[in-house]
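Below sits a lone chain in structure tokens, taken as the form predicted on its own.
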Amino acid sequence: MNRVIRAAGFLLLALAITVPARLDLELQFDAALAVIYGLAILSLVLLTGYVGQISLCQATFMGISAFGTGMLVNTFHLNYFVAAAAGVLMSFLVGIVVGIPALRLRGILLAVVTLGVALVFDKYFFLDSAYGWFTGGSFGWHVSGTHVGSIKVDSLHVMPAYYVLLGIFVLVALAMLRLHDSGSGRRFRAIRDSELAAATMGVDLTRYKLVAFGLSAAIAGLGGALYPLVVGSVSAQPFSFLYSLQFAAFAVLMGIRYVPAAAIGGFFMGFMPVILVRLSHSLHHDIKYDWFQVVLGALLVAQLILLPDGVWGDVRQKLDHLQVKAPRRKVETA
């Protein structure tokens, strides 16, 4: 990573730390949700950007972890973060199971299978009263939050929750960057570029594909486990398959191969709906939530035509260009 790109990353982090504290309560809440959405998109950077596997059920992994966390907190009275770790483990295990079809399927067929998984959980498991012991029934689970040291972190104390989420996101993002340059990361990218060539070089496709699905599900599940910390409750609606489609759309739009794109995608997914609503109030015109999906679709079409590598991919190329031009200017002026 060159110095210009590193500086851009530090600038994004500085803005993420300082700006939300100056916003009103509603926007602070959206900032916290943006970090959670960023984790879901980050899970796709790992699975699709690094390994080339497709998943349209990331919101399902979030839901499994969120419901699991809510159940363990309410039924077994576990510490919130212990319950969250268990919820992430649940998502990891389900992710490995969902990844089994990836051993034989690729491309559109794998996308259809993962979408089918999302629909099954969305329409049956998350809503069926038979699983009320896990989902909390019709009313879901209420989570009162937890303490980080002496600081109360819950839905009534949004900024402490936001900073906890931001810290976790940064740690996961740094781990992802480290993974990218590791031996396992090179094997992941080899699978993405050509499974046949990777197998020829001795890469264990079964092992690495299943690990990728499990880790991706765990990262998405981490976002789901932290969701009740911000909202204060767990219900099925935030984990519908439509959210999985939006995660995939924002990942592609911002640049699915790049870690910073997850942060930018989470920001737009968290703030764009409320921006549209406030714009409608200022214009005295009713802009419904459906317009959010219309705008997202239009941006995605434009991006695929104009910026095939995503928004951050284009920004990265420009930053690389600046890094190359700077030494040339020094030589010319010498």
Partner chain sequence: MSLLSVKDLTVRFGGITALDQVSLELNRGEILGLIGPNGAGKTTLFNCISGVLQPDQGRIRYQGKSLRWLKPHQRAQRGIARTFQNLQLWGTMTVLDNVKVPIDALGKRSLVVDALGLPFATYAEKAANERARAILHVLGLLDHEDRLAGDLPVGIQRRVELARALAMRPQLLLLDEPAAGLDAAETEGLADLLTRIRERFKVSMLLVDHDMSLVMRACDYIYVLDFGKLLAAGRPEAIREDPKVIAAYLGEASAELPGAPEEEAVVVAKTAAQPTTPVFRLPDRPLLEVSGLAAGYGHLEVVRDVNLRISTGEVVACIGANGAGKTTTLRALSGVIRPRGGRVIFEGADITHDRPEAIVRLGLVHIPQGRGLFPKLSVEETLRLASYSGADGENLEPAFQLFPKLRDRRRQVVGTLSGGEQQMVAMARAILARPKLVLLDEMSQGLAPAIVQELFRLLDEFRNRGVAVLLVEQFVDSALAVADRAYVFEQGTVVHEASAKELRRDKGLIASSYLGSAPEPPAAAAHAGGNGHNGHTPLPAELMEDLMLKLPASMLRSLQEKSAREGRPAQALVLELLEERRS
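Numbering follows the first chain given and starts at 1. Only a predicted model underlies this, so the values are computations on that prediction, with no experimental measurement involved.
Omitted from view is the form predicted together with the partner chain, to which the following refers.
message: Just to be sure I understand the contacts: of A236, A102, M90, V203, which is the one whose heavy atoms reach within 4.5 angstroms of the partner chain in the predicted bound form?
response: Residue within 4.5 Å of the partner: V203.
- prompt: Pick from F125, F81, F134, Y208: which has a non-hydrogen atom within 4.5 Å of the partner chain in the predicted bound form?
  reply: The option sitting close enough to the partner is Y208.
query: So, in the predicted bound form, is H142 in contact with the partner chain at a 4.5 angstroms heavy atom limit?
result: No.
- prompt: Using 4.5 Å between non-hydrogen atoms, is S129 touching the partner chain in the predicted bound form?
  reply: Although the partner chain is absent here, S129 would stay clear of it in the predicted bound form, with no heavy atoms inside 4.5 Å.
message: Considering non-hydrogen atoms and a 4.5 Å limit, does the partner chain approach L196 in the predicted bound form?
response: The answer is yes: L196 has a heavy atom within 4.5 Å of the partner chain.
query: Do H77 and the partner chain share at least one heavy atom pair within 4.5 Å in the predicted bound form?
result: No, no contact at 4.5 Å.
field: Contact stretch among 108 to 116, 145 to 153, 245 to 253, 173 to 181 - heavy atom within 4.5 Å of the partner chain in the predicted bound form
entry: This holds for exactly one stretch, 173 to 181.
query: So which bits of 229 to 262 sit within 4.5 Å of the partner chain in the predicted bound form, heavy atoms only?
result: The stretch touches the partner through R257 alone.
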